[in-house]
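Below you will find one chain, with nothing else, as C-alpha cells; this is the form predicted on its own, and questions on how it binds or moves follow later.
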Amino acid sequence: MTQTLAQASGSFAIGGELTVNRLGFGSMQLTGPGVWGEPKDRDEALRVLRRAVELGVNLIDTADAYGPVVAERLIREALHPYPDGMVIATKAGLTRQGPNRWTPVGRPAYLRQQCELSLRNLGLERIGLFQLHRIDPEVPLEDQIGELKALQDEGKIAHIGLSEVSVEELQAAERVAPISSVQNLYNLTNRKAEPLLEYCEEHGIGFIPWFPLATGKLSEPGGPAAAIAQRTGHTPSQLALAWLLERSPVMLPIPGTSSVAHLDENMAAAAIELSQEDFEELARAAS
C-alpha cells in the first residue's frame, strides 16, 4: 500500500488507543479575521479540509470558539461521514465576545452544553479528543475536569486533553481523570513549555504545539533557517515543522492554513529528514 504524505511523519496513539499520523491540521485559520465569522473563501476552506485528508491527515484540531462554531461546521460539511480512523479533536472553555476576544468559562454546566453542541455541529456520536481550552480561574479545576470525566464515562468523549497548562496543573488534573494530551504554545523560537514536553514524553501524553511555524529572525536572509533551507531546498516553515517532529515522538504539530497551496507546502515537511547537525544548529540558533 502506498504511504500517504502524513504517514511519513510517524504515528502516535492518543491515550494509547487512537492512532494518528503525527502531522495533523489545525482549523483555526479557516474562519474570518480575528477567528471570527465565516471564511473569506468558503469553497477554498472546504477544499483545504478535503485535501488534508487526501494527504493522509487523520488528526484535525478545532474548537467551538473558532468562529464561533464556524470551523466545526465546515469540518462536518467537508468531511462527514468521516473516514475510518479520523480523530476530530475539539475544545470548550473559551467564550467569544468579538474578533480576537476570548474569555474562559469553565462552569460544569457550560462545558457539558458545549460538548453536546460540538457533537451536533460535528455530526459525531462521540468526540475522540475533547480539550479544556483554558482553565477557568473562577472555577475549581476539580469541577472542570470532573465534568469532562463524567462526559467520558457517559461515552460522549473518548479522551480528555488540556490547553495552556503547567506541569503542576496537568498533575492536578490527572488526579481527577486520565489526561491524554496537552496543547501549549511551543515552536522553534519559543520553548518555554519544555518542562511540560519532557513530562509528556515521560508519561506518554500527546503534546500538540500551537503556533508551530514560528521561525522569527531565524528565517531572515543570512539566518540559520534561511541558510539551511537554501542548502536543502526546503522553506524555513517546513524546517520548523520537521524540527518539531524530530524533537519528540509525542509531538503532534497541527499547522493551519486557509490555502491548499500552503497546506501542500506544510505537509511536505512530514517527509523531511533533518540531519543531526541541522537539527542541533536550528536548536542552538533559536535559543
Ligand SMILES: NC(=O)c1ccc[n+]([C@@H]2O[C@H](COP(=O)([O-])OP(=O)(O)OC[C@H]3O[C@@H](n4cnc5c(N)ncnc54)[C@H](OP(=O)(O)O)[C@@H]3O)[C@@H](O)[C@H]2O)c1
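We number the residues from 1 along the sequence you see. Just so it is clear, the structure is predicted and the values come from calculations on it, not from any experiment.
One more form of this protein exists, namely the form predicted together with this ligand; it is left out here, but the text below deals with it.
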If you check L46, V69, V250, M28 against this ligand in the model of the complex, which one has a heavy atom within 4.5 Å? M28
Which of these residues, V165, L111, I88, L213, gets a heavy atom within 4.5 Å of this ligand in the model of the complex? L213
For this chain shown on its own, do I254, T257 and H262 all sit within 4.5 Å of this ligand in the model of the complex, going by heavy atoms? yes
Interface membership of H133, this ligand in the model of the complex, 4.5 Å heavy atom rule: yes
For S181, is any heavy atom within 4.5 Å of this ligand in the model of the complex, or not? no
Closest heavy atom of S237 to this ligand in the model of the complex, within 4.5 Å or not? yes
Would you please decide whether D61 lies within 4.5 angstroms of this ligand in the model of the complex, comparing each non-hydrogen atom pair? yes
Of these, 77-85, 136-144, 115-123, 205-213, which stretch puts a heavy atom within 4.5 angstroms of this ligand in the model of the complex? 205-213
Answer with closer or farther for the CA-CA spacing of T215 and W243 in the model of the complex compared to the shown form; it moves by 3 Å or more. farther
Note on L218-P212 C-alpha separation in the model of the complex, which departs from the shown form by 3 angstroms or more: closer
